[in-house]
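There is one chain below, alone, in structure tokens, taken in the form predicted alone.
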Amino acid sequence: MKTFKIFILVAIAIVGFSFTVQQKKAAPWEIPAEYKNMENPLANDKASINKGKMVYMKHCRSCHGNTGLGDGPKAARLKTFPGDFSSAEFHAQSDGELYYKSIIGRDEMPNYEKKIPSKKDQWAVINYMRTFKK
């Protein structure tokens, strides 16, 4: 019986691992020109980063993880990998591009315009995500 329980636990672990391995990389985003050139109106200071962290922990952490590595508790259930906010590719994007992806969303990335109604809070999240560098 003990061997059977171990077998079941190993099988569950393998199945769980296979779900995360099968995640695909998100298709390229088509970002409107108005967002590509959009500048963050909020100062990138300690106050905005702290506010952004509070908003991020409430709305983003469950999929994107505590440090933006795409390893939050809900991430494994997604069809596409939620992204690595510490990567050079991520940080090469403009604030407007990050805003569009984070607030407007698409597919599995929901729209947050109503969940985070304050423009200051929306931009504060962008400032906070900029702190996730390798």
Partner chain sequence: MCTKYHHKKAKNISIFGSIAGLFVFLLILGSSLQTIAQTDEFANDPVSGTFETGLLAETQTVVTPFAGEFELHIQHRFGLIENGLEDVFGIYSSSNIRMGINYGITEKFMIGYGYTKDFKLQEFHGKYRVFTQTESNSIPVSVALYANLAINSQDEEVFGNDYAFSDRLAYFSQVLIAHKFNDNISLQFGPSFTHFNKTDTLVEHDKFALSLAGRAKVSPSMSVFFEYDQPLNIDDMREYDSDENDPEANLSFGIEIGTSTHVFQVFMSNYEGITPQRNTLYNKNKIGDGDFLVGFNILVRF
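Numbering follows the first chain given and starts at 1. Being a predicted model, the structure only gives us computed values, none of them experimental.
If you look for the form predicted together with its partner chain, you will not find it shown, but the lines that follow are about it.
Taken together, the three residues Met54, His59 and Pro117 all lie with some non-hydrogen atom within 4.5 angstroms of its partner chain in the predicted bound form. The shortest heavy atom separation between Pro41 and its partner chain in the predicted bound form is within 4.5 Å. Here the chain stands alone, but in the predicted bound form its contact with its partner chain, taken as any heavy atom within 4.5 Å, falls in 41-49 among 26-34, 99-107, 84-92, 41-49.
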